Structure formats: structure tokens, C-alpha cells
Ligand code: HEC
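Single chain ahead, by itself, as C-alpha cells, in the form predicted on its own.
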Amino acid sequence: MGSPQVKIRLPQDTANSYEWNAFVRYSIDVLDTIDGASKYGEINEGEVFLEIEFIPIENAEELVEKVLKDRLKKAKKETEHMGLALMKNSTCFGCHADKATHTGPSFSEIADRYENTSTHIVSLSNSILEGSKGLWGNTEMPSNPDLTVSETEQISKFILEQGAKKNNWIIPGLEGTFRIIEKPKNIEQGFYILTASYTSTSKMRGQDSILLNIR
């Protein structure tokens, strides 16, 4: 039994090159010997994620090709964080997103309030496990009694780690749109690395990484 086949699709006329502040439309194709194919609606979208990472090139003397080659190689070898795996099997993404605010606060907002320390991990874990009210306005967070303390701590670690990343975003689903950032000062060149992944019901993970040139 092999890993799922995952493929990122972009509009054919872009040639993987985009301007600063532009919108990027994408879709993700998934094919698995057990679960089926995304084109037939057989794939659970909750197990499909796109990770977006911005790589700034600060000066022309940097070995651009080596930097990007090493990062792409690393992206292809990265494994899924246990906290993310647990969140995908819960209702977390119904109310929370990485950088966008939905019903509940975003990961980045949570990371701004809580430092990634053992004390704050325990505090956040308790809120996930027991529920909370009044911490983020009037919205009430329901309890999650089906999770263990160890599991909620793993989720807390992932939220704080991911939320603290300023040049890295994750988006669930088989298709969507994201926006390239405005050109930062003192940056000569920029690239985006997109990594799509899918975890099958047999717990096999497939992924695909591509590079976008930002001009």
C-alpha cells in the first residue's frame, strides 16, 4: 500500500510566477488506493492542508538556488505535527483558523497572548479540555471531554508554534485563494513554497511541494 498521491494545481497562465500583493488561486488533487479520488468527491477535505511559507531573499549575494533547494528538500521530508493530526479529527477548525479570525480567535492571536511556555501550554490545554467563556469576548468555547490532557497539550503546542510563525500559514481544504504579501522593505527577491498534504484513513501521508517566484 503506497502513500496517497497529492498534486497542487495552479492556473496554467501563471508559470508559477506572481506579483507582490496578488491573489493566488489553487486546488489540490488527491488519489488514494483505499479512500478514492478528490475529483469524485471521495476525499475528506478535513485531512487536506496547504502550508504556505514565504522565503525572503535579502541580498543578491545569497545563494538563492541552494536556499530554495534545501528548503524544498526539508518540506518534502517534514512529518505532520501530532497537535495538527488531533485537531483534524476534532471540531477545532470549525471555529479557528491560523491567521484569520472566525468564531474563535486565530492561532496568531492566541500566540500573541500566550507565550510558548509549559505554564501557558497547561492553561490553554485546560481551556480546550474544560471549555471557557469570557476569555475572548462573549463567545463561549465548548468543552472537549473526548480528548485527554496529553492530547490537548499537543494541540496547544501546535497552536502556539504555528501562530507564532509570521511567514508561514496553513489552510484546510481542497481549494482556495490566498494573497501574496506586500513587498517588504530591504527585500530584493521573494519566493513562496507551497506544500499540500493528505493523510489517508490508513494513516499514510502524501504531499507535494512547489515553488512560486514573486516578482
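Keep in mind the model is a prediction, meaning the values are calculated, not measured. We number the residues from 1 along the sequence you see.
Keep in mind that the form predicted in complex with the named molecule is not shown, yet the notes after this line are about it.
J.: Is there a heavy atom of residue 127 lying 4.5 Å or less from a heavy atom of the named molecule in the model of the complex?
T.: Looking in the model of the complex, residue contacts with the named molecule include residue 127, since a heavy atom lies within 4.5 Å.
J.: Residue 140 near the named molecule in the model of the complex, any heavy atom under 4.5 Å?
T.: Yes.
J.: Determine whether any heavy atom of residue 118 comes within 4.5 Å of a heavy atom of the named molecule in the model of the complex, and answer yes or no.
T.: Judged by the heavy-atom cut-off of 4.5 Å, residue 118 is well away from the named molecule in the model of the complex.
J.: Going by a heavy atom distance of 4.5 Å, is residue 108 a contact of the named molecule in the model of the complex?
T.: No, residue 108 stays farther than 4.5 Å from the named molecule in the model of the complex.
J.: Mind telling me which stretch in 179 to 187, 42 to 50, 143 to 151, 25 to 33 gets its heavy atoms within 4.5 Å of the named molecule in the model of the complex?
T.: It is 143 to 151 that comes within 4.5 Å of the partner.
J.: Out of 147 to 177, which residues reach within 4.5 Å of the named molecule in the model of the complex, heavy atoms considered?
T.: The stretch 147 to 177, when checked against the named molecule in the model of the complex, contributes 147, 155, 159 at the 4.5 Å heavy-atom cut-off.
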